[in-house]
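Two forms, one chain: they're shown below as structure tokens, one block per form, named structure 1 and structure 2.
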Structure 1
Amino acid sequence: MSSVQTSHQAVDVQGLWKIFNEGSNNEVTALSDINLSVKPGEFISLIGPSGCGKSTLLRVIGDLTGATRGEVFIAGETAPVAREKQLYGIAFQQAALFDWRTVRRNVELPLELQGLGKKERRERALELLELVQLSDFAEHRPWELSGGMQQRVAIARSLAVDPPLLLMDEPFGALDEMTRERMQNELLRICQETGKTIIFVTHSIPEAVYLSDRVIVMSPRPGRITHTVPIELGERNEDTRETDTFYAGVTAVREALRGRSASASPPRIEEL
């Protein structure tokens, strides 16, 4: 397969397979022939039944585990090179902050690993904490913050090296519904201000529809992409979740998960 890339793709996944324990008695095919292209500045969500390989796909894109077959490119670079160049940031369901470091110093950590000077690290961390509206908590410890605030710190840390891409694996999954909705709005605000590309894993259909430009629907294991649901909500606000277009999007994704196309239009469902 050719490795020639078009420069306009933020992420390009070609013919990706992931097989655990290949050739052994306990071989498991997690991902089957995944092809996915993501444009710069696009927000896409991956959704599917538990065990379908959503998180595995995210981890392969982030070079946290290798592909068995196929190729992954981030901004035209292979996944290992993209990791070395820090072309992406990662946020997981658990904030994974270090309690012995202040909030500011947690955000500084990727910059510290880069060898950036103390003054530059501090300025960048404070800038990011202002972005996530936590400037007043810079010298607090993570355990002094609520769960939603801790996730905002984790998002700030993932932005520290200013990567063009964010990989997010159910970052709001452990939060209560009200906090989750506030965090969704916060993430959309950050995306608008920074222009980042987002690949977002979720189990929540309403969350996927509210956040995304496209929802990518995956099959039960072995995971493959079965449908793409374009979402056209325009600018999101507190009333968006009450609109007919939002409900049509939720219905379309739900029907795609059930393996059939919704009758509601828009949005259309693209079967693959």
Structure 2
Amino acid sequence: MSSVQTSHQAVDVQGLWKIFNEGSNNEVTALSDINLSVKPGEFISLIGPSGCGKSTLLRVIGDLTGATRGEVFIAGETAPVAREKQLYGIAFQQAALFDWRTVRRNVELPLELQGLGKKERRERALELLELVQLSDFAEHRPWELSGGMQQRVAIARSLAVDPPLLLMDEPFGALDEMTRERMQNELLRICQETGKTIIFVTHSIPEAVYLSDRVIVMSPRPGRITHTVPIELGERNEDTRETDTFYAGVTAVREALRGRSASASPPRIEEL
């Protein structure tokens, strides 16, 4: 629209406001003046207290609800165009599976809507179910699965059309610690192999630090970004969670959440 960029940001949010019920007396300013640029292949976490607008931000980026003011671009396209072009996949806070479909056919849904053939659809779905370790449950119904398993089905579904951007709203919230760590590593592996950009909402500070290139700290009433904490952990491995850099990152995010401008030097916190 404005300038001809050679390489676009994966996500570019400029001066975004979201006000629910504007003008009425139950008006809620869910997002105020959000500015956020995400580079292709970058892993961003959003963290902040309940009600600070994390889900709303994901929804606006995905064009599931309109912005009150401001602009959102995905890979240089406006949010509505990006949605039409299926430039992102989304995993919601609730699994949102269809009870009348088997697990496999839930994962097939986005492919079905794209008009992919039955056989290809099936193969791709089984591949994805293997990835989230649910191959044995392909022909089960969603209500036969635990909450964490349902959430993994939803993740598989969000990966189905192989979108360059993934929006994930607390996808690992319902998982036990072991499954959670395994899923985290799987997600990082997928990102590395496919170069996906991820915006990831979580309430877990260690999870945010472990996964992210940058942790975005938000605060409520009105929902806004207060800090950006860059994380430089390099290649993640089994020992990463034991390193001093990791602990420093956790501390920095915790301080930011408490609203303190941290003093520690590495990693630095950019006050906004």
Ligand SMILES: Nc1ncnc2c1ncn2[C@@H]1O[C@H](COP(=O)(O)OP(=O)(O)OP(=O)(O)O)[C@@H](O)[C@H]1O
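Definition used throughout: the rigid core is the maximal C-alpha set that superposes within 1.5 Å between two forms. This is a predicted model, so every value here is computed, not measured. Numbering for residues begins at 1 and runs along the sequence of structure 1.
The chain appears twice here, and it is structure 1 that represents the form predicted alone.
Rigid-part membership between structure 1 and structure 2: Arg180 and Glu120 are split apart, as judged by which of the two superpositions better fits each C-alpha. Rigid-body rotation of the smaller part against the larger part between structure 1 and structure 2 amounts to 16 degrees, from C-alpha fits. The Cα position of Arg157 changes by 2.5 Å between structure 1 and structure 2 once both are aligned on the rigid core.
Summarising the core-aligned comparison between structure 1 and structure 2, the C-alpha atom of Thr102 is found to shift 4.8 Å.
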